[in-house]
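Okay, so here's just one chain, in structure tokens, the form predicted alone.
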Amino acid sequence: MSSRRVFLLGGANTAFIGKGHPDFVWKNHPDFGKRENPTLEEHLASAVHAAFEVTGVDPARVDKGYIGNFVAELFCQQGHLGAALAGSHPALAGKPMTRVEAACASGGLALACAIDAIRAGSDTVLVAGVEVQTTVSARDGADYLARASHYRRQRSIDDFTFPALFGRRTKAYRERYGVSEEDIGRAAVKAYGNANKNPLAHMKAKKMDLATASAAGDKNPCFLNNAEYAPYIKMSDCSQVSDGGSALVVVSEAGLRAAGKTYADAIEITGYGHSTASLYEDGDLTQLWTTRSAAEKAYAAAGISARDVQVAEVHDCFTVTELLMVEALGFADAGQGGALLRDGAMDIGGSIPVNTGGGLVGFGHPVGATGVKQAIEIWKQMKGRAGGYQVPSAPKVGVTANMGGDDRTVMVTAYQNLE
């Protein structure tokens, strides 16, 4: 592996919006018919311009760029997004820009490409992610997103394929470890509570209490047609169908100097792990083995262990996934992720804060942007820029875990705060 060091100078997220966000225009919104929601092109340009403003990097210095996106062809009838990234700022014209697709891990894999580019000799690399998913009905959108599963084999599990797949995981996990619905409901309460402190979060204006999150009801229904898995997934257990964009800049030491920055302005990306499992097999439903594999690689590359991590952004596409994630990352033993929630260890002021801005359940999940957003959130926490959801003291070591599909593709990245 190249000895060239890789630094994250920072970045920016747009607001993540969709149904439930006060600014999102839908048929019952007072602005319906008066204005439109931002387009994919607008979200992308906003994030890219803001990233350059936040970092102070001259866009003319960008050597190349990568953009994460999953299914813009279906939601927006737009492919060829490398060229869209080149069109997001005039100074990027003519530069090499590449789209990366790995389902919900598209943003994380775009970051991996940028890290590799720095190690291979580039000095300044732009990473972006974008998705607009509110252009069709929830049912049609669920069909589009089902392309992240093995469509031929798994699509028929339910009209809402991924909620059913993770309902299946929830059932297996609860039965094996005796985990209660309330244990898992705490993940939703934490996600919404953190989102309420985050002005960019999709669910910034929505409240969630433990009673509502712990049992199905009129305000929080189960919605699957699959009778076996329906009792295990409620609306509060699901990540948000969001629109949004994220962009960040990574640099080499030469790129750091060229930007007029010092180590104190950056965080270092000390290692990553990228693991992929067969799309055609399911494996143990109570473990995220691909995530565990990627974490082991990232920890080894960074020279750390799970005990060293002080802040984490993990892929909580569903509430049970957060518990499975913290177990796969080594923060808790199998079946004990809920204990971390009960003890407050994963709270903003806890011993291992997780998803401080709300995660996918609270902050939102514009699929291609999520992995990029996670890295920006770690940078914000390490540099004391998280505002109302800032952890009490700046973390020294952080981790992101971005998952594509049902634990099929995973990117785990380790970061170190520099002074």
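Values in this document were obtained by computation on a predicted structure and should not be read as measured data. Start at 1 with the first residue shown and count on from there.
The same protein also has a form predicted together with acetoacetyl-coenzyme A (CAA), omitted here; what follows describes it.
Proximity to acetoacetyl-coenzyme A (CAA) in the predicted bound form, defined as a heavy atom within 4.5 Å, singles out one entry of 118, 97, 238, 71, which is 238. This chain lacks the partner; the member of 81, 132, 323, 317 within 4.5 angstroms of acetoacetyl-coenzyme A (CAA) in the predicted bound form by a non-hydrogen atom is 317.
With a 4.5 Å cutoff on heavy atoms, residue 139 counts as touching acetoacetyl-coenzyme A (CAA) in the predicted bound form.
Heavy atoms of residue 162 reach within 4.5 Å of acetoacetyl-coenzyme A (CAA) in the predicted bound form, making it an interface residue. Of the heavy atoms in residue 126, none are within 4.5 Å of acetoacetyl-coenzyme A (CAA) in the predicted bound form. In the predicted bound form, no heavy atom of residue 178 sits within 4.5 Å of acetoacetyl-coenzyme A (CAA). Here the chain stands by itself, but in the predicted bound form one stretch of 284-292, 338-346, 243-251, 213-221, 213-221, has heavy atoms within 4.5 Å of acetoacetyl-coenzyme A (CAA). Judged against acetoacetyl-coenzyme A (CAA) in the predicted bound form with a 4.5 angstroms heavy atom cut-off, the residues 148, 365 and 404 are in contact without exception.
Residues of 95-110 placing a heavy atom within 4.5 Å of acetoacetyl-coenzyme A (CAA) in the predicted bound form, in sequence order: 103, 104.
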